[in-house]
Structure formats: structure tokens, C-alpha cells
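In the block that follows, a single chain appears as C-alpha cells, in the form predicted alone.
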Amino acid sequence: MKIDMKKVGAWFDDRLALTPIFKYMTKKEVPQHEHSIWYYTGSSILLFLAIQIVTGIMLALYYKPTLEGANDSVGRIMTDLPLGWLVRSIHSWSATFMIAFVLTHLLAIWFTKSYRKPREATWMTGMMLLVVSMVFGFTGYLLPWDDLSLSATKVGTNIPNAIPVVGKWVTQFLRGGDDVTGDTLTRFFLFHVCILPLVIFAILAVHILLVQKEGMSVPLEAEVKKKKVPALPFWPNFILREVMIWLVLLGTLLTVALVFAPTLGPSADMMAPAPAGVKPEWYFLFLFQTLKIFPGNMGPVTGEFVAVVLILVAIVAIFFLPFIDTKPEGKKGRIINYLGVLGLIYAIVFSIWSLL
């Protein structure tokens, strides 16, 4: 029986409406200017997310989210399965690369004022992606179930306790009880492989839709002076450039994963004291150090409460930044940029301080 491929293609095109998509891709153009390099950070995030999904599924096939099996199953993945240690290393490092690129992407948008009207919602969904990505890292950190991950999770889940009224409930919800136990491990695994992927896919779909709807921003100066900015065809020119960058990033990721593969400690002992020098992941270090510099008591409230409130206020302010910086070309816009530089310096200095 001979299959008519033209009819098969027409059948798929009729059901999936592929022709309008291809036409849109061939007509779409990407502005070319001095800040165009930052466009590629967005697609790089998708690359690392795809790697996370593939390697995560491979690891989940052999992982056991139980007190008795978690640490042993990770050890078996690393020692018994062919290249299992490399898959785990790639999964771990791609998470780090993904969060680093989300941060870089948001900082680029901040300093180029690309969140300005009509792209406010694009910025807000990007902030949501950053938060969800960091929660991904936090929930995944416990899964090896060694002493370091157990102690770090105890510290991390105890932070919401400083919030009045709802703080204790939030901590108990995260832990599945009053302390970090096997219930916490099962809960974090559920968050990591079921709930958070659904959340990030939903936010990402809205974010990509907004990017396609509003298009990529041009430099603020060009928009104010109504200068015409040269453009590059999305297909195939921009896509080919993206592919070249992806190949470089894949080579970098593989090299780092081969040379700096994560280790695995012995199975966690819930009765043992916390090991000395417990630190969270790098993207939480400056927050960790911020909590440490506040005194135990500050009048009627604890220092931890003040620190948590200040952090939450800062996060909310950044989330609504497009509505605060309503005139990015004016004096307020320059002040916002100065604040961004100070915030970046603060995060770097406090992260280094936390490691000393």
C-alpha cells in the first residue's frame, strides 16, 4: 500500500493549523541593536528546561522517594547505571545554568527598561518563572537525602516561621508536619516532579504568548526618538544563530558536568546534629546572609521577622516594577537603574560574605 505523503501532510496541516504558524515564523523579524545579545538568554532558558525535563525523567525511573530508598537509589544511579552519574550531574548543573540565565535575562530587561508599556505582564510572568525555578532547586536539593540536604532543608523550611499568623502553617505545610521527615521527602518529590512542572509550563505558555503578541522591545532611546531599528528575519537567520549559541552552551554544560560532578553523602540521620557550615544553594546565599545579620530581638519582634518582611517587600516591589517605573526615560528611570546596580552589588557581596 502506497502512502501519499502530501495527503498525510495536508491532514496534519488541517488539524493542527501548521501553515499559519510557518507563515508567521517566516514573516517575523527580530530587532538588531547593541542590546540584541540579551534576546538569546530567553531561548537558552528553554534549552536548559528541556534538558531538565529529559534528565529528570531518566532519574525518576530509578529514584525511590522513601527514607529507606532515597539515598541508596541515588547511589545506585551513580554507580550501577551506565553513565548514571553523568545524567545526575547534567541534571544538577542544568538547573544551576537555568536559574543563572533567568536571573541574567531579568537583569537585562531591568537595565534596558524592556518591561515598559505594553510589556508589564511579560515582566511579571518572568518574575514568576524565576520564583518557580528557585523553588524547583529548593525542592530538588532534599531528594538525595544526605546530611547536608536534610540540614539545609530544615533551615529553609523554618524561615516562614517568622511570618506572623500564617508562618507556622506554611512551615508545617512544606514539611508535612512539625519537622523534616520522610513525609517531607515524599512531599518535596511530589512538588518537584508533578506540581511545579505544571506550574512552570502554564506560566511559560503565557510568557511566550505575551512575547509573541507584544514582540521584542527596542532600545528606549530609539523608541523615544522614534528611530527605525534594523531587523533580522526570525527564520532562518535568528534561529540559526540561536542554534550556534545552544551548541556552545551544551558543550559548556557537558564539560562542567564531567569535571565537577556532584558527590553524594551518607544517608541522612534525623537524630544527628547538623553538620558544620551548612549553606544553601548559591542563589539563596545572599538571602541566607541577610537573615544572619539581624539581631535575635528588635523590640517587640524578632530580627528574623524584620528580615523576612523586608525581603518580601523587596520581592513585591520588583514584581510590580513596571507600575513603579512609569517614566523609564526620566529621572525616576535612572534611579531605578541605580537601585538595580546596588541590589546586584549587595547580592554578590553578601553571597561572598556567606561563603567566608
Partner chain sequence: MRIDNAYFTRRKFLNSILGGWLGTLAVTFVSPIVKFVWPPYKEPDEVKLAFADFAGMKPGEVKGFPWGAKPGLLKRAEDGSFIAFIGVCSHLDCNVSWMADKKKFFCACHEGWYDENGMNIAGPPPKPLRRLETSVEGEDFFVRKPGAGAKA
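Positions refer to the first chain, counted from 1. All values reported here derive from a predicted model rather than from experimental measurement.
Just so it is clear, the following notes concern the form predicted in complex with its partner chain, a form of the same protein that is not shown.
Not one of I77, R88 and F201 is positioned with any heavy atom within 4.5 Å of its partner chain in the model of the complex. Comparing 39-47, 60-68, 301-309, 314-322 against its partner chain in the model of the complex, the single stretch with non-hydrogen atoms within 4.5 angstroms of it is 301-309. Among the residues I239, A274, L232, V206, the one placing a heavy atom within 4.5 Å of its partner chain in the model of the complex is A274. Among the residues V278, L258, V243, L81, the one placing a heavy atom within 4.5 Å of its partner chain in the model of the complex is V278. For the chain shown alone, G177 is a contact residue for its partner chain in the model of the complex, at least one non-hydrogen atom being within 4.5 angstroms. At a distance threshold of 4.5 angstroms between non-hydrogen atoms, S151 is in contact with its partner chain in the model of the complex.
Its partner chain in the model of the complex comes within 4.5 Å of no heavy atom belonging to H35.
Taking the partner from the other structure, its partner chain in the model of the complex has no heavy atom within 4.5 Å of any heavy atom of T186. Residues of 151-172 placing a heavy atom within 4.5 Å of its partner chain in the model of the complex, in sequence order: S151, K154, V155, N158, I159, W169, Q172.
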